[in-house]
Each structure stands twice: as structure tokens, then as C-alpha cells.
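This document starts with one chain, in the form predicted on its own, laid out as C-alpha cells.
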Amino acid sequence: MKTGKLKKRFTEIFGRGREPEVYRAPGRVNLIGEHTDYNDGLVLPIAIDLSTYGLFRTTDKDKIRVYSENLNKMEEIDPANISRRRDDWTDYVRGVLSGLESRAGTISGFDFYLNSEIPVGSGLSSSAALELVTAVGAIRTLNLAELEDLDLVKLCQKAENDFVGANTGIMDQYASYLGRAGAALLIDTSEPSHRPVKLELEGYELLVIDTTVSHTHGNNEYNRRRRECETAIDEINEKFEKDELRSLSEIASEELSAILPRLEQKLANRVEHVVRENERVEEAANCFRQGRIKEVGELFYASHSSLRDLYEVSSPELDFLIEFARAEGIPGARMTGGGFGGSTIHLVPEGQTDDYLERAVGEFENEFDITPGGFPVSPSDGAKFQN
């Protein structure tokens, strides 16, 4: 997105004055490793080349004005009451600023313009991008104390968990901040730490198809899955008379035969998904490094089947697109994101993306009377100052 156009729009909204500073934070696509991040497991996301842009300018007024271009809404935040929830979109901003105030210094008045390329509800983490662009821009614009990378990531995650009420793991904010062009991040969320994984796509492209069926993590289905995993941990510790199990990701696959029969079926399914999904992430990372794309594709399909059948977070729209990919001979596809709608990621041979997307859109429209969105994505650098 051209910064000149953004600055012109900023001036139209807030009036003339000093030129604003421009920041961007990307969305993310998780290639594989779904619902493992809050289970201290492995994930393999990329930051993508669709971003949320934030323009900042300090003022001498004792208020924060925030304008969302996408929502066409202006809201005011009182710096003296940053931590007051509003139960609207500004809570993402308030949560981050409240955290910064407690960690990095006093929040003074400023004007803040937001413009996002990331479809909301698509499972591409528009919320994390909003949090990161707020944090990175506010720290630099207001001359706040710098935070270590992991501290900043955790601050943004905390805003979403505690302020907004979506009990997500750390992956989204981690990828949006620390993403690398040309690579995925193999993140061990238990530490957390990461290793870059160069994507040897060997003649394939990554295509996102957005069902445009919106989901909201705060709708409690996502949070319910997390509670189920916590319940499974408690039951395993109780039934096996031990207290040392802290996360499902500590369970080895060879232990499943003893554990699963002693759990309620729903909980057994959740446990099996997490353990097997962690294995798929590690294997997929190795295959990507070596350009073994057909094997990656098989792992994609297996991941989606597990999310559909064991974790029960898919939807008819998502399943339709995966079955379409199989019928078209695409080597791999899966839902990406929290589920209950959102997007799918497809491994498509180079040069075939446009035709494949056109066919997928046509079939989807015939089935659901909904027009999905679609766009290729590439690994991008994380959040940064844009000027």
C-alpha cells in the first residue's frame, strides 16, 4: 500500500500538521500446526504480504483519537482511562496501550489512523496485526521504553487474552512481529523459541481461499476447546496418579494407546489431535526445507481431517474447499486459523493459480451462494516502521 496515499487520507481525517509516521504489521497464515500453540506445541506460520497500516502523530491534546478506515469509525480514548473496556474494536488498541503504560511509560495524546488489507474473520489474524501495529507505532511515536521482542509479543497476546477475552496462544502475535521474508517460523510455543524454515516450494505457490464465513474467537467455541484440553490434562494426571503433565504436547505418540481408552471420547479426540499435529508440524518443516512438496501436501490433508473429525473446528464451507482441492488433484490443502469458518491454504502449481481459483470460486458459489475471496501469499517480514 502506498504510504503517500495513506498520509493524504490521514490529513483528510485529522487535519494538517506534522507528517505522521507510518507502521505496518502483517497478517499470518499458519501452514500447519492448528490448536497446538496454546497446548505448548509446535506451529509453522508465515507472516504474509497483507498488512494492517497504522499512522501516528502526537498532539498536545489530552486524548487519543483512533480512526478505522475499514469501519469508517472515529473513536476517542481518554489516556486517563485507557484500561476501561468498551466491548468494541477499540479494546484491541486499549489493551495494548494499557499494557504499554504499565511497562514502558505514560501514554499521552495522539492521532491514530488504521487501514487494513487483511480480511476480518478470515483466520489470517487481523487482530494480532492490529495489536502489533499499535504497539510498535506507539512505542516509537511516544518515545516509550523499548521492550525485548518476546516481551512485546507477550504484551500483545495478553491484550487479546485478558482485555478482549479471546484465549488464544502466542503464535499470531509472534508471527506478525518476527516473521521473515522467504521463510516460515518453526515455533516451539512451550519456551517460546523459533527457527526459520526456508520454504523450498519447488514450482508451487501458496494460495489462500477465504470462505468469507466469519468466525470470532470470542464466541466461546475456541475458548471451549482450550478448556477441554485443560480438562484432559487434569484427568490424565488423576487417572495415572501423577501431577507432572503440564500440557498435551508433553505426551509422546507411543503413550496414546494407554491414555486414550481411559478418557471420555471427546477428550481423547482432542488429545490425539494435538499429539499427532505436533508430529505433522515437525515433519512438514523438514519436507519444506527439502522441497518435498507432495509430502507436505499429504500432511496438509491429514491435518485438516484431524481438525474436522477429532478437534471439530471445521465447517461445511471449509470442508467443501478441501474436497474440491482433492478432486482437482492439488497436492495439499487445509483449513488455517482457529476454524468455524475463515480460510483455507492450498499448494497450487505455479501458473495454475488463477484458473484453479476461478474454478474453486465458481463451485463454491454454486454450493453456498457465497462468493469467496482468494489471493496468493508469500512469506513477509514482520512488523516495522514503514517511512
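Nothing here was measured: the structure is a model prediction, and the numbers come from that model. The first residue of the sequence shown is number 1, and the count goes up from there.
Although not depicted, the form predicted in complex with adenosine-5'-diphosphate (ADP) is the subject of the following passage.
With adenosine-5'-diphosphate (ADP) omitted here, the record of contacts in the predicted bound form names 86-94 of 262-270, 189-197, 86-94, 102-110, defined by a heavy atom within 4.5 Å. Proximity to adenosine-5'-diphosphate (ADP) in the predicted bound form holds for none of L245, S247 and V275, with the criterion being a heavy atom within 4.5 Å. Among the residues S126, S306, T211, S314, the one placing a heavy atom within 4.5 Å of adenosine-5'-diphosphate (ADP) in the predicted bound form is S126. Residue in contact with adenosine-5'-diphosphate (ADP) in the predicted bound form (any heavy atom within 4.5 Å), chosen from S122, T141, S98, Q157: S122. At least one heavy atom of S68 is located within 4.5 Å of adenosine-5'-diphosphate (ADP) in the predicted bound form. Of the heavy atoms in L130, some are within 4.5 Å of adenosine-5'-diphosphate (ADP) in the predicted bound form.
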